[in-house]
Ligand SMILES: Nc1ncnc2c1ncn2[C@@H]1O[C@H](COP(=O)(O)OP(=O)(O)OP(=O)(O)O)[C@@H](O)[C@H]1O
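The chain below stands alone and is given in structure tokens; this is the form predicted alone.
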């Protein structure tokens, strides 16, 4: 019996005539942090965006193969991408809070998806989400001030709170620390470790040190291929493919 939360079979992605991903097969486990590593332009972010159908928004992008979430095909015509993205949340590279209050940033998703029947329920979701994102203490006295007034690291935690507010099952993070300083990065990494108790977390990172610190499983992408996927410790200490070893030792990248 597979414990996979997300299963990808023979996934290929084309942008026009350009093949960005070739035959990716991978099983992503629940309550685990999975890191995607590899050189720039290798396909890791492209694959991440397949998992919540963000590629649907790109003209000329075609996705082939099968991706299932809990055994259900996420590309089935009956699946509403908006509902899918409530289940598969996403945090981007640059913090991108809405030009609204801290409260309204977090309440936005629950309001759209009808997750709260009363103001008290919505208040509870907002508080719980900010607590999960380790932002409640800093934000509780300024909930009605603009989210854009927070520091970069706090803004990224606000985006994480916004993503977890719709009670997703999977959290995708596309280089969530690349715009942050080392202290904010350490806080986000600590947070990722806590989030995996409740979510399946998939993180794209340029930093191999970060992948080694936060993930239990690592997938190495190179030139549109998923070269190797294994426990993080094995990928970094005993890679099976010479391309993985070359990347980790700094010979390619």
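Residue numbers count along the first chain shown, from 1. Not measured: the values here are computed from a predicted model.
Although it is not shown, the form predicted in complex with the named molecule is what the next lines describe.
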Exercise for the section: Spell out, yes or no, whether the shortest heavy atom distance between residue 206 and the named molecule in the model of the complex is within 4.5 Å. Expected result: yes
Exercise for the section: Using a 4.5 Å heavy atom cut-off, state whether residue 104 contacts the named molecule in the model of the complex. Expected result: no
Exercise for the section: Could you confirm whether residue 148 comes within 4.5 Å of the named molecule in the model of the complex, counting heavy atoms only? Expected result: no
Practice task
Would you please decide whether residue 40 lies within 4.5 angstroms of the named molecule in the model of the complex, comparing each non-hydrogen atom pair?
Solution key: yes
Practice task
Heavy atom within 4.5 Å of the named molecule in the model of the complex: which of 46, 218, 52, 200 fits that? Just give me the one.
Solution key: 46
Practice task
Sort through 128, 166, 154, 93 and report the residue having a heavy atom within 4.5 Å of the named molecule in the model of the complex.
Solution key: 93
Exercise for the section: Tell me the stretch among 63-71, 188-196, 32-40, 208-216 that has any heavy atom within 4.5 angstroms of the named molecule in the model of the complex. Expected result: 32-40
